[in-house]
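First, one chain by itself in C-alpha cells, the form predicted on its own.
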Amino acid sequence: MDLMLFAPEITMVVTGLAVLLIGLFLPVESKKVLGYLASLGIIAALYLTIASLGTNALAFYDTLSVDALSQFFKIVFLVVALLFSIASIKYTEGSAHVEEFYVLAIFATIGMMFVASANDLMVLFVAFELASISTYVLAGFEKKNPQSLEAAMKYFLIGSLSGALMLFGITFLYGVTGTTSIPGIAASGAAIAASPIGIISVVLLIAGMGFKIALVPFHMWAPDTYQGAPPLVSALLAAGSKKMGIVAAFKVFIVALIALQVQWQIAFAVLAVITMTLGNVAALSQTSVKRMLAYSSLAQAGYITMAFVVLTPMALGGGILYALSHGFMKAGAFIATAAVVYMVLSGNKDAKDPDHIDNFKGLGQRMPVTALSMTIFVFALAGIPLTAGYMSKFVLFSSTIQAGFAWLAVIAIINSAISLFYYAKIVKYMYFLPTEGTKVSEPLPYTIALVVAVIGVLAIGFWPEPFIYWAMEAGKVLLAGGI
C-alpha cells in the first residue's frame, strides 16, 4: 500500500532505468527516441500525481507524506522536467551521451519529488543531495566548454558547503530533540526555544537552504552557474531546483521550527528585501541574457520569500502559486534563450557568448514563435495583467498588505517596476532593432516546449481560480503542522 502512494516516483525510476538501458544498445543516430521515451514517462508520472490530488497519508514509518503540499510541488517539478525533456530532444541530437543526460535530469527530478514528500529531516537531506549531485553533473555536461566546467565546479563547491551547513543544523536539532522527524521536532518546540542551539540551527539551516533558493548573500554561485551551464540545464536549476529549496524551507521552518518563528521571520524579511533589490538592480546592467535571467531569478526568489514573513493562509497560497507560475515563466524564458543559442551556434560553432543580447536583435522576424513566447514570459515575470506572474504577485502582495506588512509590499512593487526596464530591453531588441540575418527554421522540440509553457502562463492568468484553490489547500498543510 505504501508503494502505491509513490506511483509517480516509481514511474520516474522505471523511466530513468529504461532510458539508460535502452540507450546502451542504440546507435548514436537512433538515440533521439530516448527523449520521447523520457517525455512519455514524465507525462505518466504527472498524470498519476494529478490523479492522486486529495490523498492524505503517511508512509514508511511516517518518514514520507502524501498531501496537498507534496503533490502540488511534485506537479511543479514534473512540469519543469517535461518542458526540459521535450526541448532536450533537439539539444541532444547527435550526442553519444543522450541517455546520461536524461537519466541525470530524471533522477534530479526524483530527488526533488522526495524532498516534497519528506516528513523527516534525514530523508529530506538525502533527497536534497540526490537532486543536487545530478544537477552538478548536468551543469558541466558540455565537457569541452570551459564555461560549463567552471559553472559545474562553482556549483559543486558551494553546494557541498551548503549541504554541510544544512547537515550541521539537522544534527544540532537532533541533539536538542532526540528526533529527526519534522512533526517530532515541532512537538519539542519548547526545548528548542529554550536552548541557544536552536538559534544556531536556524542560522545554519537558513544558510544551507538559502544557497539552493539563491537568497542573497548565498547567491554567489547562481549567476555564474546559470550563465555557464547549458541553457536547458539552467532552466531546470532556476525553475525546478530552486523550488525544491523553497518547499524544503517551508517544511523545516513553518512546520518544524515554528517555535522560533520570530527569529527566522525577521531573518527572512531582511533576506527577501535584499534579494529582490539586488537581483533587479544587478540585472539592469547585464548583456548576457542567461545572466540577466539568473539575477531575475534571484528577485523572484525574494518575492516568494515574503510568504515566510507574512504567514497567513493567503500569503502562503500566493507563495506556493508563485512557485508554479515561476516554473512555467522561468523555464520558458531559458528554453527560448536556448533556441536563440542554437540558432547562433548553427551559424557559427565558434561563436562566443551566443546568449549575448545582441543576438536577440530582430528575433521577431527571424524566429517569430520564440520571440513571441519570450515576450510573454518576460512580461509575466514583470507582473503584467492576464499572466501567471500577475496573478501570483496580486495574491502574494495583497495578502502582505492585508497582514500589515505594507512596507514590504511597497518594496516588492517598486522592484517589480524596476524589473520592467530590463525585461522591456529584451523586447526592444527582438522587435524594434534591425535584424542581422534571415528567418531561420525554429526547431520543433523547442517550439513545442515553448507553446506548452505559454499555455501554462496564460492559463493561470486567465483562469486562476482552480490554481489558487490548489495552492491554498497546499498552504493549509503547513499551517496545520503537516498531516
Partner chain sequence: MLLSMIVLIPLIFAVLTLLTKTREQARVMALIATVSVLLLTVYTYFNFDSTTAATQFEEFYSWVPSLGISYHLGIDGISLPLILLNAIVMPMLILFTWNDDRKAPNRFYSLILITQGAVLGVFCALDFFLFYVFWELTLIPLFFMVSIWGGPKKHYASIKFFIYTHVASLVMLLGIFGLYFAAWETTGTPSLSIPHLLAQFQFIESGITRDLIFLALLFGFIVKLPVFPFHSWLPDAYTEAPTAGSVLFVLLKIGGYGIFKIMLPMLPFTASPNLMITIMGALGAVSILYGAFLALAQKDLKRMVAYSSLSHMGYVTLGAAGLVSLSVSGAMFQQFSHGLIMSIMFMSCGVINKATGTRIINELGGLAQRMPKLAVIMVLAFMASLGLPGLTGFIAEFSVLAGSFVNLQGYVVIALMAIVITAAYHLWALQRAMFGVYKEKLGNVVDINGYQTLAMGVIAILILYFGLNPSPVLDMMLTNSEHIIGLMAGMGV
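Residue numbers count along the first chain shown, from 1. These numbers come from a predicted model, not from an experiment.
Just so it is clear, the following notes concern the form predicted in complex with its partner chain, a form of the same protein that is not shown.
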>> Can you work out which of P146, P385, G347, G94 has a heavy atom no more than 4.5 Å from its partner chain in the model of the complex?
In response: P385
> Which one, S188, S132, T180, S399, lies within 4.5 Å of its partner chain in the model of the complex by heavy atoms?
Replying inline: S399
>> its partner chain is absent from this chain, but in the model of the complex, do Y431, P464 and I468 each have a non-hydrogen atom within 4.5 Å of it?
In response: yes
> Does Q365 reach its partner chain in the model of the complex, with heavy atoms at most 4.5 Å apart?
Replying inline: yes
>> Using a 4.5 angstroms cut-off on non-hydrogen atoms, would V369 count as touching its partner chain in the model of the complex?
In response: no
> Is I413 close enough to its partner chain in the model of the complex to count, meaning some heavy atom within 4.5 Å?
Replying inline: yes
> Is there a heavy atom of F421 no more than 4.5 Å from a heavy atom of its partner chain in the model of the complex?
Replying inline: yes
> For the chain shown here without its partner, which stretch in 258-266, 84-92, 399-407, 104-112 has non-hydrogen atoms within 4.5 angstroms of its partner chain in the model of the complex?
Replying inline: 399-407
